[in-house]
Every structure is written in structure tokens, then in C-alpha cells.
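Take a look at this one chain, the form predicted alone, written out in C-alpha cells.
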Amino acid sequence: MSTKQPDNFGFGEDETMLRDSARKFFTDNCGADKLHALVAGDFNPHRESECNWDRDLWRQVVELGWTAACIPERAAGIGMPRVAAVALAEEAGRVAFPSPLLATFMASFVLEACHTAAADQMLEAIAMGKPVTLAIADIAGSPEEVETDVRVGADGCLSGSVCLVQDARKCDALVVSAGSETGTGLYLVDLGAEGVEIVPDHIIDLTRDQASIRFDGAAAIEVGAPGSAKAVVEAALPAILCVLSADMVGAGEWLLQTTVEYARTRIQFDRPIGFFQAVKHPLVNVMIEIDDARSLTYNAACAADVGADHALRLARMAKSRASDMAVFSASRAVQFHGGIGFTWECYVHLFFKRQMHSQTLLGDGRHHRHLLAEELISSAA
């Protein structure tokens, strides 16, 4: 297979049609007013941790074939490139779509890299709409090893715990990294099985849920042999970082366009506030940062599609840039909406919180720049 990247990041007619149909679907079904009514009904900071999402919309997403889009044909999927998943993730981020879509994409990338019959069987289930998430807490950590507090017993059952599991209450199963005397492997666990406890976290992002998972003799299916976890995660990580970066790009675009529209209509000193340089120049900077992050994200996804050796390096660059952009776009949106920007009734807070969660998830910009610097210094030595 050639590792030369195609023009336009390999984003052809099929990918364009998929993106456009996703944009229309979200425009028709997931406006900001509907989103706020769905996830922000209770402003009490001491409320119980909630998991609000529209299961009917998820069923429609499955019927549209999004979960099957990037599943390989060997597992009854459509076999589209990873840039297609990136496009869907960007559109989902543009509306802060509460769903297990990103978590399922990430799990499918790991399962695809396993190349085992059990993994392919689960990929077929994902293509049919089964939501799956990852329980690999340090997936974006040091490339030296995939560490885990979960152990595999002699009977093949799991014990231990893992934290930072995304959208656990929206998913039916999870891929777990678990250790044994022969190394760390990957296992599939039904979230409804005996010996599995979901402990929800109280996070600021109202469009997602997060949890710790405790295993006490939970039955598991091996999808990656002991000792294979490091190689599998390393193969899947570029695509995982890309879809998360794309989500931040989409959310950043919503924040930018919403703030620009507000700057055109909000009058101060007899002029729209967008007239003043202190407003218009930072908004241009937000636009530039979004475009930078988008280009890096699609470039990294394309590199992963063609199997380039430097795909992970490019993906870390994309996640670094997207994380910094997420903070900047969110902070400018709140500031330029003025007093109302800090209120619960202003929809900006939904995207602000999603961006804050995303920028730290799987490592923030500083984390990935640190790993990039270590790689470049070691290669130059």
C-alpha cells in the first residue's frame, strides 16, 4: 500500500455527501434550543449526575449508516476512510451532539487494529448500532507501555477498576485493557454483566457522561492477546486523537459563528460591537486557529488512512492545536457575549463546557507537545 497522501486529504465525493447529509440531519434535528432543553433542564450545581440524550436520534444515526461508515468490509461495514469519521465528528461537535458516537468510533478503531475474530464480531455489532466505549485510562500517555489496574484471573474474568470512561451510561459494552503475567491484553465486557459496576463522575460537560468502572469477577472476551495492547493502541491512537480533535473543531466553529452573529447585532456606543478592533481582531484569530486545527486534523487522519509512519506524530500535533483552540474559542465567545455570556440561559455555556472537557481528554496541548518534543529530540540524538 502506498503511503503517499492523496490530494484533498482523500476527501472525495462519498465523504462530501456523508458530511453534507450529517450537517442537514443535525440542522433539522439538533438545534441549540433543543440541545439546551435536553441537557440543561436543571441548573442546580448540586444536582445528581445525569445522562441526558435522545435515543431516537441515535437510532436514526444508526439507520443512516454512520456507525458502519468506517468499519472495514471484512466486518460487514462500508469501509470508508478515517477522514469520513473525522467529518462526522466535526459535524457532531458543531451541535455538541449528546451520543455515544465518538466513543464508538474510538472503540471501533481499537477493535479494527486487533485483527482477531472476536474483535471483528464486535465490529459487526457496532456496524448494526451497538454502542461501545473504551476503558483504557492512559491511552494517550507514554508510548512505552499501556498500564492498567485491571487484572485477568485464571478463569478469564476481570477484577479491578478503570477511570475516565467516556459515555459509559450510553454504551452497551466496553473494550478494557487488563494485565496478566504474560502482559497486557484487550478484553470485551458487557456493561450489563454481573460483576460490573458503573460509578458516574460529576463533570461539567452536560453533553457527555463519564464514569469509573469497577470489575469484580466480570466475564470477558479476549479480543487482543496478552502483550498486544501496546501495539494495538499505538495503531489506533492517531484516528482516536483525530476524531476528538475534529469534535473540538466543530464546536469551535459553532462558537465562532454564534459570536460573530452576536457581534453584528449587539449595539454599543451606537455601533455593532463587531465594529471595534478589540472584538473583530480576536474573532479573526479564532477563525485562524480553527482553520489550523482543521487542516492538521484532516492531514493526520489522511496519514492514518494511508498507513504513514508519522501518523501518530501528526495526530499529536492536531490534538495539541485543537486543544489550545478549544480554550481560546470558548473564552472569546463568553467574553464577547458580555454579561449574558455567563448565564445559564445563554447556549454558549454548553459548548464552552464541551470544549473544556475535550481539551483535557486524552491529553491537553502541553501534554502532546511534550511527547512530540521527546520524539524529535530522541530522533535527532
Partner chain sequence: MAQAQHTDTAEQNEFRAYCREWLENNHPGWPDVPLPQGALELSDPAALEWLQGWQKSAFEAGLIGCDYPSEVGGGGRENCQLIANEEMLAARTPYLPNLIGLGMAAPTVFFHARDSVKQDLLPKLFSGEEIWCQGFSEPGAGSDLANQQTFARRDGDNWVINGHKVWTTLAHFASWMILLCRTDKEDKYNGLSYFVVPIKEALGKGVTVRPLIKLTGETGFNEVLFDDLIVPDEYRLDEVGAGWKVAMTTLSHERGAGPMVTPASGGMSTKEESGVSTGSPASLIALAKTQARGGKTAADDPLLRDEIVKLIIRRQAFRQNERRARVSALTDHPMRIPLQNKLVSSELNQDVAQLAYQIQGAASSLSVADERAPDGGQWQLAYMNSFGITIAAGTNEVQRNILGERVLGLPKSK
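Numbering follows the first chain given and starts at 1. Given the structure is predicted, the values throughout are model-derived calculations rather than measurements.
One more form of this protein, predicted in complex with its partner chain, exists but is not displayed; see below.
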Heavy atoms within 4.5 Å of its partner chain in the predicted bound form: which of the stretches 254 to 262, 184 to 192, 203 to 211, 159 to 167 has them?
254 to 262
Can you tell me if Q277 lies within 4.5 angstroms of its partner chain in the predicted bound form, counting non-hydrogen atoms only?
yes
With the partner left out of view, is R321 within 4.5 angstroms of its partner chain in the predicted bound form by any non-hydrogen atom?
yes
Against its partner chain in the predicted bound form, would N285 count as a contact residue? Criterion: heavy atoms within 4.5 Å.
yes
With the partner left out of view, is C30 within 4.5 angstroms of its partner chain in the predicted bound form by any non-hydrogen atom?
no
Under a 4.5 angstroms heavy atom criterion, identify the one residue in S99, S228, N299, T148 near its partner chain in the predicted bound form.
N299
Counting non-hydrogen atoms within 4.5 angstroms of its partner chain in the predicted bound form, say which of V348, A69, M317, V39 makes the cut.
M317
N8, D291 and R369 - do all three of these have some heavy atom no more than 4.5 Å from its partner chain in the predicted bound form?
yes
Going through 46 to 65, which residues have a heavy atom within 4.5 Å of its partner chain in the predicted bound form? Please give them in sequence order.
none
